[in-house]
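Next up is one chain by itself, shown in structure tokens, the form predicted on its own.
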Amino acid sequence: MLKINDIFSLLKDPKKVVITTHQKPDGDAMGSSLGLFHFLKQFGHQVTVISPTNWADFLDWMPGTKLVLDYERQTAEANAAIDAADWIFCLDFNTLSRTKRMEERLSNASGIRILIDHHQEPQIDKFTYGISDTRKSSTCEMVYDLIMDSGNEANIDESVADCLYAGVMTDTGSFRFPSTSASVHRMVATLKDKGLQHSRVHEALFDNYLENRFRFIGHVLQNRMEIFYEYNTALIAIPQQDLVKFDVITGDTEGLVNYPLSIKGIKLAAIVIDRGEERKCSFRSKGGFDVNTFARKYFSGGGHFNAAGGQSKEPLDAVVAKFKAAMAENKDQLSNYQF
């Protein structure tokens, strides 16, 4: 995989470009995709953003979201864009499998694939150019770096700033996670100088939920959360019937895994959700417990040191039992929490 700097001299040469990200895109995935979209459009590129699946309603405020193709619903149009693309930017995922049904199309595409990602163990043989840096807070920070390092700071307009801020803010947990480096704050300062109205972005992301989401969260915390103080661990297991009962939609479970980390002494928090076709897992940790390794070892997943995910085709009860067994296997690490 060649360095992404090698494309800087080519940025102003108009091309057919596809930008894509992982399934069920979050704030960083959508923010980086649309931030890059608005940046490249300024140079005359023909740009199409494709999401492998639908996305949460709370992301719809982002400028350009209405133009994003949902691969599951607009397959033919998306395939045509992929087949015609000169460049295919792959943002916020480390392996093509994270694009779900798009994987085969992307793998066989004739266009040049370019990776911008901050997850561990990237599938570098699938990309011609790219950058993978686990030290970075977010893919939005990396898109910002691309813009700055290529000498195009003047092209950060309001739309670019809004999208990039949304992603870096959400992926750093509103700037409280360890990945929030000094460079992140310098980035935000630059975006503010460009006219960013950060409070408007916060309101758009966090103040637009429906009442049923809060009732769902209350139900989950009251009835579906187990605390294992001997392991400094919390587990939330959500059956599919809860999703139906509270009319849960994409995005309603976003951030729920972080709630137990607010409990004093909790080092590892996990959530397992029965999505019907599979069980989706999310893991968060504080301090020195590596959930990336944990997710890879037990749940066919991965991610970052303190934030990772996984999945399983086994029934919910079996996945919960597997988690508890894995928790016990890691007792030595989990029990020695340093405050």
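Predicted model only: the values in this text are computed from it and were never measured. Residue numbers run from 1 along the displayed sequence.
The form predicted together with a small molecule is left out here; the points below concern that form.
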| query | finding |
| --- | --- |
| Candidate site H119, S282 and G301: all three near the small molecule in the predicted bound form by heavy atom within 4.5 Å | yes |
| Answer range among 64-72, 38-46, 51-59, 293-301 for contact with the small molecule, defined in the predicted bound form as heavy atoms within 4.5 Å | 293-301 |
| Option touching the small molecule, based on a heavy atom within 4.5 Å in the predicted bound form, out of R113, K136, R98, K267 | R98 |
| is_contact(A308, the small molecule) in the predicted bound form, heavy atom dist at most 4.5 Å | yes |
